[in-house]
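Shown below, as structure tokens, is a lone chain in the form predicted on its own; questions about how it binds or moves come after it.
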Amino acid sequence: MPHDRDALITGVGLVSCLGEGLDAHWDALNAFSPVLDTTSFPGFPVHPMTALALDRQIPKRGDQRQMEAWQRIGTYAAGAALDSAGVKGDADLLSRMHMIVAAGGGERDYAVDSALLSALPKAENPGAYLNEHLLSDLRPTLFLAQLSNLLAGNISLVHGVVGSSRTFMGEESAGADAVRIACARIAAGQGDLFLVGGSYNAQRPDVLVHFEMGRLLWKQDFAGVWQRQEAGGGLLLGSLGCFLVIESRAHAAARGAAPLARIASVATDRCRRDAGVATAVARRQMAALDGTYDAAGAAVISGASGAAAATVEERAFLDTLGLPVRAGATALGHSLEPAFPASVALAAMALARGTLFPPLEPAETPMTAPLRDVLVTGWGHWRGEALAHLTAE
């Protein structure tokens, strides 16, 4: 039964390689063709960010210049979410809007990094050399740009969202917990209006080196998340920004906002990823949903990253559910912190239209029944297991 404290999604700002906004993503997913940059970083394909008219959401050029790419992507997506929810520029609503951001640690000055790495092995006292040059070569503005909560700060400054603000770090789990805690605070009466999400810039040599050092990247021709497992798996990273406006049913009704979907529940957990342990976590999360959805009208939006061990185990678990599955990372790429909010956005988009988009690769099955429930999974590439249940409104 509807309840005043239900958590409803009333706005979505989504930007990725597929375009800007839910309509663009819906059209792209219904006629799917991968959007991949294979030349900027030879040997390391990525899903690039679509071209953004930054002035539309970040009108001051000075603001644009002082942000790094991931901050521009996130601030842009946040503004798009506010537009989508019909709250952009409403000072009263924005003064009461709480913000929960999932973010990484910023970007690097590649010239400084290269100089340090080249000179460090030749230094007479490497420790002293490193300390000296970190103090002198890193500009104060660059150091501040490493702070993950600068994304929230920029959103506050540019868009006027000035309620409470929290920033979570922790890769995929950060995005899942951001959504979970917003919904929990709504249910507890600790807020009525939340802006939740994050951003990721995959078009960075440092992150590509980082994941390649862990032997986690996919470096062959394009293949979907499930197809990659036949050749050992791997991540195809994607630049992405996603923010959700989540509000209580009573608050949405009072201002006449039309919801896209309801977030019925969100569960998060983490384990050491010994064999079968993540599956046991997922089974506990599924057990809590027993009887809350009708399988005949249900589907899964999977946040599977493509990383071999996690993806193989998640797919085996999903096969036991007997539901149509779509791996969003096949189309969007894997984006770590905003990956879970983006999967929630895809679920809300499909529920608002009453139908699931077509399979993205051969391992996925069509769905012709009307869509009423979506289960959103978010198994991190290394740690973290999340499950959300969204329902149609």
Partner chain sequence: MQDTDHLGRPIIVVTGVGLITSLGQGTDANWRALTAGKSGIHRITRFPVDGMRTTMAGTVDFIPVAVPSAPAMSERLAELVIEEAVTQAAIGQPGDFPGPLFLALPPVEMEWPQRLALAAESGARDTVTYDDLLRAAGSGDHHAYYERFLFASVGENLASRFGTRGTPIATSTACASGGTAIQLGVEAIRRGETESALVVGTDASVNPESLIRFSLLSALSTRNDSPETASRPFAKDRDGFIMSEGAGALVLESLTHARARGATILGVIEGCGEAADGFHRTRSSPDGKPIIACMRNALDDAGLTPDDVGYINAHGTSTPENDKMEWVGVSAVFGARASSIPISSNKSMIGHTLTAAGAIEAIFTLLTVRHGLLPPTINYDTPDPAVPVDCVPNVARAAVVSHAISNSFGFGGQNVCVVIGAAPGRS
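Numbering follows the first chain given and starts at 1. Given the structure is predicted, the values throughout are model-derived calculations rather than measurements. For clarity, a rigid core is taken as the largest C-alpha set superposing within 1.5 Å between two forms.
Keep in mind that the form predicted together with the partner chain is not shown, yet the notes after this line are about it.
Though the partner is left out of this view, G224 does not reach within 4.5 Å of the partner chain in the predicted bound form, counting heavy atoms only. The partner chain in the predicted bound form comes within 4.5 Å of a heavy atom belonging to G104. Using a 4.5 angstroms limit between non-hydrogen atoms, W26 is distant from the partner chain in the predicted bound form. None of the heavy atoms of T355 is located within 4.5 Å of the partner chain in the predicted bound form. Picking from 257 to 265, 318 to 326, 242 to 250, 207 to 215 the stretch near the partner chain in the predicted bound form, with a 4.5 Å limit on heavy atoms, gives 207 to 215. Proximity to the partner chain in the predicted bound form, defined as a heavy atom within 4.5 Å, holds among G232, G276, G127, G89 only for G127. Of the listed positions (A152, L93, L82, A310), a single one reaches within 4.5 angstroms of the partner chain by any non-hydrogen atom in the predicted bound form, namely A152.
Heavy atoms closer than or equal to 4.5 Å to the partner chain in the predicted bound form belong, across 266 to 299, to the residues T268, D269, R270, C271, R272, ordered by sequence position. Taking 2 Å as the criterion, A184 does not count as shifted between the shown form and the other one: its C-alpha moves by less than this amount when the rigid core is aligned. After superposition on the rigid core, the Cα atom of L116 is displaced by 2 Å or more between the shown form and the other one.
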